[in-house]
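A single chain comes next, written as structure tokens; it is the form predicted on its own.
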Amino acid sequence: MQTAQIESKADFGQIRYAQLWEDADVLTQALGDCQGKTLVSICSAGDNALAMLTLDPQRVVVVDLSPAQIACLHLRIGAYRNLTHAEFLQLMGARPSAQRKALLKKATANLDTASRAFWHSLRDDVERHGAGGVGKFERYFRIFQRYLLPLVHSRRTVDDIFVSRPKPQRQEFLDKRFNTWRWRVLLNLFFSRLVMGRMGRDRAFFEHVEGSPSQHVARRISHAAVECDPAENPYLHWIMKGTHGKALPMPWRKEFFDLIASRLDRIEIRPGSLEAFVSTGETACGYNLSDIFEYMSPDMFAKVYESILNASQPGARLVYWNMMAPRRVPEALQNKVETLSTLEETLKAQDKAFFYSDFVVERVKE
């Protein structure tokens, strides 16, 4: 399946994303009624798989090609079980802390030997940046936030991004104070295909994209800064300030912490590609597919998509994001799937993870 094209080209031995950069609020709404059902999720950092537990499914089967990304989920499971909510936020880096090494030891105490060893090797980085800040993508933004952003904007201007204001005033702030020529130069350089491929995402992930990454980011900034309220955007806050403000990703919020912790036994981890689920003959009622189709050629995408349909129950929903490679139900399979366009448009307007150009919600016909 997708291993044929991406596993041989990208490095899956390191943490690429130490926290999830896809909005669990829109994901859980897109999946609909999942009570008592089987769901499948790409792991990534594990946050959205855990958020899916709030839908009261029978189980969430989690798959991923990367052992490092699966280790992120194992850590979260240990943290939800062994830490308080306040301690969890400190360990992850959402809040300042002088005790992250002790919290890491506590969170990993009951994990398997390999997971404990993996996180022990990263304990110094966790102490400095939090467990949610030790991935390649987070390091990329840390360089941006610490060394380059100050050359373009003052601390006061950065702080003012997160002052809640009406939409017309958000547009005025963007036009008059933020979107300066220095900012545009920084965007063009730092978010170029070369720099992002070397320091942020793996270069193999750009093989099938269309257009300029920097121009794409520039277009999406307007969504994050004007269409949505930046004061409520945890992703933008981390990029600009290196931590979360008052806003938090959905599964990190206090109101969901105990609920997720009480359902951790419903998580079923299967290392490998989606084939680890679809080849078994099992079926699911909902899929969180992240942006995996972005990394596939159109032909491979069509094959993988069809295999997912074969492992889907009638009425199952397929939810995924596109950043720069347009992917939707292949033409040959359109008679089997309907696009929930109204729901898509509603959730796109709410999506705080502003990197993506498209959010797709498709339903298998009954």
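Residue numbers run from 1 along the displayed sequence. Treat the numbers as computed from the prediction; the structure is a model and nothing was measured.
This next part talks about the form predicted together with a small molecule, which is not shown.
Stretch 37-45 is the answer when you ask which of 37-45, 309-317, 336-344, 51-59 has residues with heavy atoms within 4.5 Å of the small molecule in the model of the complex.
Although the partner is absent here, residue 87 is not a contact residue: none of its heavy atoms lies within 4.5 angstroms of the small molecule in the model of the complex. The shortest heavy atom separation between residue 127 and the small molecule in the model of the complex exceeds 4.5 Å. Within 4.5 Å of any heavy atom of the small molecule in the model of the complex lies no heavy atom of residue 354. Looking at residue 229, you'd find every heavy atom of it more than 4.5 angstroms from the small molecule in the model of the complex. Interface residue among 82, 115, 290, 233, judged by heavy atoms within 4.5 Å of the small molecule in the model of the complex: 290.
In terms of contact with the small molecule in the model of the complex, the residue from 275, 160, 268, 172 that brings a heavy atom within 4.5 Å is 275.
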